[in-house]
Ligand SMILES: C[S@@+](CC[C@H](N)C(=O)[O-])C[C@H]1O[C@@H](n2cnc3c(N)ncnc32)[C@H](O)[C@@H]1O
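Have a look below at one chain only, the form predicted alone, in structure tokens format.
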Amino acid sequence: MYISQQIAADAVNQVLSGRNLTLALPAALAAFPNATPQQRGAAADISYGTLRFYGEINAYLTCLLEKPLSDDRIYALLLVAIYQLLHDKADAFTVVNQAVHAVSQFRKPTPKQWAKGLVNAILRNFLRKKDEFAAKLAKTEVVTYSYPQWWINKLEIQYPDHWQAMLIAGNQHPPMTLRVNTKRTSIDEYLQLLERQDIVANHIGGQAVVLAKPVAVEKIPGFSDGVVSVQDYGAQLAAQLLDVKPGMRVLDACCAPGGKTGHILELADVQLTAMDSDVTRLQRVQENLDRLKLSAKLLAADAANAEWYDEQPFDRILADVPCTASGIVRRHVDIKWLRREADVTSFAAQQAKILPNLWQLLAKGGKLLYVTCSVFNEENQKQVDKFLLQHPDAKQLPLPVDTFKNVTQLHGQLIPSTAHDGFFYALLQKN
């Protein structure tokens, strides 16, 4: 277990220093090339769990420390161990002993004996005083919900009837949801295929099938052949709401990694341009399309300017704009601690440039679907309202109710739940 703790502590330390977990975890794993698959899997679980409940864990650790630790690695290791003692099923005695062993394996300049004694003393003190600390911290919202206070405050103001449920939903493990390529098979046929392989699943709406238990991607029937893709149910609504028809000229702006791109092409034979500013991320889009045996014109360009535009207007535009990603924190637990309140304003400024620029590329009578994976109103309806005031040729269309089966939503804002993440949708039509 101590190797898993070491890997997780390294990943957590990197995130707390400002690095994205999708980069930090592979880097931490690379330092232990001989780790077993079980150790690597445990390290990933512990990393995600520690960051998911960092607000709570960090408060406990602060109570335990008489003064700040000078070594960030030891601090991260203690966070990892306290997470295990609070939320994991591992034996407490084993967790403490393995943490002591893990710190002894740290490379210099850590003074090993001093570090071992400190880790042992802090963790055993935690076990003795856990209930006392819990009572002391019970009314602290950052501890209760494990989000930054500014985030909690913002949701409480913007969603007075839903904020607590939204915070709790963001700390849950997301389900594994698949998108069935109905060009290749029907929902019923695919469910029968899963049943034959003893995989329990059910259809929750559209092309979405949710598995009762996660399955390794490479073991999902039909995945490698492009019969299904892994995609959150909330994200799957985008292609349906875009209302594409065969032969239409369609732009998927900010398209990477290509989940929505593939879905559009599965629903209709359209002339699709998939655009993203990041060439590396466009390669992932191409890989996704290759697996699905679909094709699109891939374009490396900035959605905030039209230098690339060929003067041929688009019938449909999917504007999946950069955002805080505050609606997908259960999948990206590091976002809660990497984001700052000022980032909301920064992303809103980017969106305010992208939306008007894409609007000029839309044909008269065409539709643009504005999408974020955020729950903050500044990035969502407030952004759309500002745009509508400045563009008299635009009107916001009501979203079709029948698209939102098993979805909790308020005027296009998906309220995060067990079934889906927190996406926002606004469908705009050009007069």
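On a predicted model such as this, the values are computed, not experimentally measured, just so you know. Each residue number is its position in the shown sequence, starting from 1.
From this point on, the text means the form predicted together with this ligand, which you will not see here.
**Student:** Hey, of 212 to 220, 67 to 75, 249 to 257, 80 to 88, which bit sits against this ligand in the predicted complex at 4.5 Å between non-hydrogen atoms?
**Tutor:** Of the options given, it is 249 to 257.
**Student:** So in the predicted complex, does any heavy atom of K129 sit within 4.5 Å of this ligand?
**Tutor:** No, K129 is distant from the partner.
**Student:** Look up in the predicted complex whether R281 has a non-hydrogen atom within 4.5 angstroms of this ligand, and give yes or no.
**Tutor:** Flag for R281 set to yes.
**Student:** Tell me, yes or no, whether D276 is in contact with this ligand in the predicted complex, where a contact means a heavy atom of each within 4.5 Å.
**Tutor:** So D276 counts as contacting this ligand.
**Student:** Is there a non-hydrogen atom of G206 within 4.5 angstroms of a non-hydrogen atom of this ligand in the predicted complex?
**Tutor:** Contact check for G206: no, nothing within 4.5 Å of this ligand in the predicted complex.
**Student:** Name the residue from L137, L191, A301, A121 that puts a heavy atom within 4.5 Å of this ligand in the predicted complex.
**Tutor:** Checked against the cut-off, the match is A301.
**Student:** Ok, V321, L242, V103, L178: which has a heavy atom sitting within 4.5 Å of this ligand in the predicted complex?
**Tutor:** The residue from V321, L242, V103, L178 that makes the contact is V321.
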